[in-house]
Ligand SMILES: Cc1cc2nc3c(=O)[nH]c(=O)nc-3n(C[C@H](O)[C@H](O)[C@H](O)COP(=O)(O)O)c2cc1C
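Read the single chain below, which is given as structure tokens and is the form predicted alone.
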Amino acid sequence: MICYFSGTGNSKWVAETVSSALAEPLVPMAAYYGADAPQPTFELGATEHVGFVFPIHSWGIPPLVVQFIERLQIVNNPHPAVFVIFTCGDECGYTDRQVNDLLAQKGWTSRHVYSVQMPNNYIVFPGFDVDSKALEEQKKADAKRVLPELIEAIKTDTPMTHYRRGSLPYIKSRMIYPQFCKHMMSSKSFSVTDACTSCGLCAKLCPIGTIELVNGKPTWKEDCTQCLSCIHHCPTRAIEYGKVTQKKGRYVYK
């Protein structure tokens, strides 16, 4: 089974590609998020993997993914074959170490931990923006080239090296990432402008259902995964995050 989390479609495309190649089902991690969500409990087929596909968030694991992996139960296999594929705009820092530590808490290990560079979509920090169209297309082309190699490595259980750690990983993953998790898991800075047409797409696509329409306009509950699906999918660019996103681009995987 391929467990995935995605906001703008990068990780969903990877997960769907891997699912098709391995003939294994997709499991949306967001469906099991929250205090009232059911515990993710599954049985595996004889040759089935447990795969995790998700985006890097501030050089670390999205808290939603951490919660899912911690709660995941495989009832018929105490030591499943595990693989992990991160999608990242640029660098991953020590996310590989984070996920290996998380798996170890469950008594699991993985010989396959990879990263796939995809177009940038995190636009709520100063200095961060989407890629140029040329760079976006280049990253997607490179991903389409390398992903079959990673899938073959998983199929044959022949580990390969494909991970983009980048510079200053300690600072990014050990210092910035914890602050991101502590201070950014909130929806308080989202707002909607008069350009909103009340289409409801943001509410429909929010992976954890934190958006609802009130008098035809989106309102956000407190919880947020910072996936930015709402901002990037809005067809009229009516959603902003404070003032920092007003002049920045938008991106969804197509």
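Everything quoted here is computed from the prediction, not taken from an experiment. Start at 1 and count along the sequence shown; that's the residue number.
There is another form of the same protein, the form predicted in complex with this ligand; it is not shown, and what comes next is about it.
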Okay, which stretch from 40-48, 224-232, 66-74, 24-32 lines this ligand in the predicted complex, with non-hydrogen atoms inside 4.5 Å?
224-232
Can you tell me whether S11 touches this ligand? I mean in the predicted complex, with a 4.5 angstroms heavy atom cut-off.
yes
Taking 4.5 angstroms as the cut-off for heavy atoms, does E137 touch this ligand in the predicted complex?
no
Does any part of N120 reach within 4.5 Å of this ligand in the predicted complex? Heavy atoms only, please.
yes
Heavy atom of E91 within 4.5 Å of this ligand in the predicted complex:
yes
Which residues, if any, of 39-69 lie within 4.5 Å of this ligand in the predicted complex when only heavy atoms count?
P55, I56, H57, S58, W59
